[in-house]
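Starting off, we have a lone chain in the form predicted alone, written out as structure tokens.
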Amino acid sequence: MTQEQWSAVDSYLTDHVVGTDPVLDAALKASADAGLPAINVAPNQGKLLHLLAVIHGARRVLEIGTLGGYSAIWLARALPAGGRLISLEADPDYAEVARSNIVRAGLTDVVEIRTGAALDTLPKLADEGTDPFDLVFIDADKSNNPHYFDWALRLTRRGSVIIVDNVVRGGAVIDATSDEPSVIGTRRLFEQISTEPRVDATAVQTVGSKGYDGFLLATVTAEV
């Protein structure tokens, strides 16, 4: 199996079960034109996030790591009337691109993008007394995954869903000797979850147009 084949299969799957969307396509183009890294979720992965939010009946979503707003659009479109998505982005230039994409998508009444390091903005959310989030999508700097997961637990409730992207790291997650911060952070996340009594979780390996990686899916089983 090769990357070329994985990408071809992803294209086939996307053509048949996801389709094209001018708003989402425009968001990707605007992100590329602005020089953002092409690390957004693939279209079929975006659709998976959308379906998970729909299946769960999510009304409030927290996203940690906005990039160009591509996954935020997928998630926001899954919310019912009155639903809300708050997305956190450390890079102000990325956040501006994302805001433009959100405006083009007609989702300004649904999506709020907050700029600043997530470990600074997450405590502010807690201080505001925000209502618990039904779904949290973590897709930011992987070295801080354990901290982001801690905050996700604080800002959710029993029954909430937490998704963490890019947890396989091309297989490097099993390398206990790695000095790569993203691998270290992800391994610490798995160690943390293995002893965390308040969640029930699984992780799945994936291959596709974004290469070899995977995601973690957890549900909160007890109040913090």
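One-based numbering along the sequence shown. Source: prediction; values computed, not measured.
The same protein also has a form predicted in complex with a small molecule, omitted here; what follows describes it.
- Between the options G83, G116, P146, P132, the residue in contact with the small molecule in the predicted bound form by a heavy atom within 4.5 angstroms is G116.
- Here the chain stands alone, but in the predicted bound form its contact with the small molecule, taken as any heavy atom within 4.5 Å, falls in 89-97 among 123-131, 105-113, 89-97, 149-157.
- Not displayed here, the small molecule is kept clear of L51 by more than 4.5 Å at the level of heavy atoms in the predicted bound form.
- Among residues of the shown chain, V168 is not one whose heavy atoms approach the small molecule to within 4.5 Å in the predicted bound form.
- In the predicted bound form, I163 stays away from the small molecule, with no heavy atom inside 4.5 Å.
- The small molecule in the predicted bound form comes within 4.5 Å of a heavy atom belonging to N40.
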